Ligand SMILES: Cc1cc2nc3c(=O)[nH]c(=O)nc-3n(C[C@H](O)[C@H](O)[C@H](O)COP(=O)(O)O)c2cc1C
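Consider the single chain below, provided in structure tokens and representing the form predicted alone.
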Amino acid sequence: MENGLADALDTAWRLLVRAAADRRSPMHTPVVATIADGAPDARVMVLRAADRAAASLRFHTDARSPKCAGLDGAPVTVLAYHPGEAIQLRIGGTARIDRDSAAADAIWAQATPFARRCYLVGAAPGTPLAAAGSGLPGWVAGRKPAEAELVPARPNFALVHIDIARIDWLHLAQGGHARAVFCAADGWAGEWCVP
């Protein structure tokens, strides 16, 4: 492999930062996996921010979701793949739930009314419905809510921060794959591994 370890780590962060900013990026919706009730539990989430200096990723979720209780303080794995770059990232870390901070308030305020509208759902995610539906109240269906109408939705909004401890970088290539693993505890020192 021509690129060094530093280049591999730079590439990982470049792809993550781009994915958070560009919803057309294939890494914009990675899989976030945890253990719930002793079994693997995975879901696709929208990557909202990637901060290399803080070694963290940020996602948004409904604070009433059962995953919030299971995520807070729990180990997680984030899996993302970029087919154009032929790079897979497996990111290990610890999740933190943030509901009430000034940062959560600021991010809430920056979101579009349509993005905030989904937090107006009356029941917690996973609550059974009589028929297929969004769970949104009828009065907001198909329209942009006014700011005053969104006030009751704010308590349902939470940030999920992933404090990254490990990045497993895999480049798939016809001439031979390459893999590197980086650990935060080692100051992001990495080592090449057999793919």
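Residue numbers run from 1 along the displayed sequence. Source: prediction; values computed, not measured.
What comes next is about the form predicted together with the ligand, which is not displayed.
Wondering, does S134 line up within 4.5 Å of the ligand in the predicted complex on heavy atoms? No - in the predicted complex, heavy atoms of S134 and the ligand never come within 4.5 Å of each other.
So in the predicted complex, does any heavy atom of K67 sit within 4.5 Å of the ligand? K67 belongs to the contact set for the ligand.
Although the partner isn't part of this model, could you tell me whether V46 comes within 4.5 Å of the ligand in the predicted complex, counting any heavy atom of the residue? Heavy-atom contact with the ligand at 4.5 Å: present for V46.
In the predicted complex, does D163 come within 4.5 Å of the ligand, counting heavy atoms only? D163: no contact with the ligand in the predicted complex.
Option from 166 to 174, 149 to 157, 136 to 144, 54 to 62 whose residues, in the predicted complex, bring a heavy atom within 4.5 Å of the ligand: Looking at the other structure, the answer is 54 to 62.
Judged by heavy atom distances of 4.5 Å or less, which residues of 20 to 43 approach the ligand in the predicted complex? Result: T29, D41, R43.
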